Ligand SMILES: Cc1ncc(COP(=O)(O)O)c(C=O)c1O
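Just one chain follows, in the form predicted alone, and it is written as structure tokens.
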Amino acid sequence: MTVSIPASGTLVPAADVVPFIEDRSPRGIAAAVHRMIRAGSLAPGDRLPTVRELAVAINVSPATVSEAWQALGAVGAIQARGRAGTFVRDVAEPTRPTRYLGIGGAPTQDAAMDLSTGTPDPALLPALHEAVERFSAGATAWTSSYLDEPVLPALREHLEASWPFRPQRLTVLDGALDALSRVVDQVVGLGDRVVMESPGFPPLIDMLERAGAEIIAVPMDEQGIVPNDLTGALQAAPVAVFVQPRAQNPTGTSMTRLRSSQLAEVLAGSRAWVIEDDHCGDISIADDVSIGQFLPERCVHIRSYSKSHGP
């Protein structure tokens, strides 16, 4: 990973940051600045206002801004350079905790043995070339590359026959929570706004809070998320909308076909990803409906077989 900090960048006045700050808590300030970075309002190398300047501008204590700066530094979004100031970073993975950024680098000749990765010494590992050659030959040859299809052909045929829309890609993960975690890691960053059902799925709330997201709760009726309320929520430009189309946890509500088309019409004018968690899968007696029938290019549909096949 490459980190590039120009020697000098544009000085960002505190007055340019103030309009973006709606919540003056440390978390709110950090979220606002991170949204500015992701939106391109702050460019790599830009020098942020000092802690004291921003604190005066928004009428909070310097300690509050300092805590926000520490949170942004912890996710690699900014870098403090002493008296030179605090700068926006150009990092390939800005949401990755900084304490992990150095792991995996090649040790120098003078360095002691690096135990931080938990990786064994290659000299102590058994020779695997014969096993790999057997595995990569014949019927299993398709699994020999990360560029190959990640799903068994027979399984793909079965899934496509039962999927609510034709997916662009399929992959297999370790349950719905694993899938949600991976999607959140890829789509949601510090300060991003996301929409979810209210009441919502508690483990998803935990994931989103850990990611530093701002959750916009949208009420439900007997058919699912209420379209008019979703329209209002989209004014905040969320990056994703999370729904459970069948047997929603905790209400048990299942989205109707009519409601899925209404929600798709509302979402058509936004750029938000639609993340559908069909956690009950084949044990649900409700219709298998999906917003992906209307917006397949922006819908990630998760179907779990844990409840139907796991036991």
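Numbers for residues come from their place in the sequence shown, where the first is 1. All of these numbers come straight from a predicted model, not from anything done at the bench.
Separately, the form predicted together with this ligand exists; it is not shown, and the next lines address it.
Proximity of D192, A240 and S270 to this ligand in the model of the complex is absent: no residue of the three has a non-hydrogen atom within 4.5 angstroms.
This chain is displayed without this ligand, yet in the model of the complex the stretch 168-176 from 231-239, 183-191, 214-222, 168-176 comes within 4.5 Å of it by heavy atoms. Of the candidates T64, S284, N249, T50, N249 is the one whose heavy atoms come within 4.5 Å of this ligand in the model of the complex; the others do not. Mapping the unseen interface onto this chain, F201 counts among the residues with a heavy atom inside 4.5 Å of this ligand in the model of the complex. Put simply, R259 is far from this ligand in the model of the complex: not one heavy atom of it is within 4.5 Å. Taking the partner from elsewhere, H279 is found to have a heavy atom lying within 4.5 Å of this ligand in the model of the complex.
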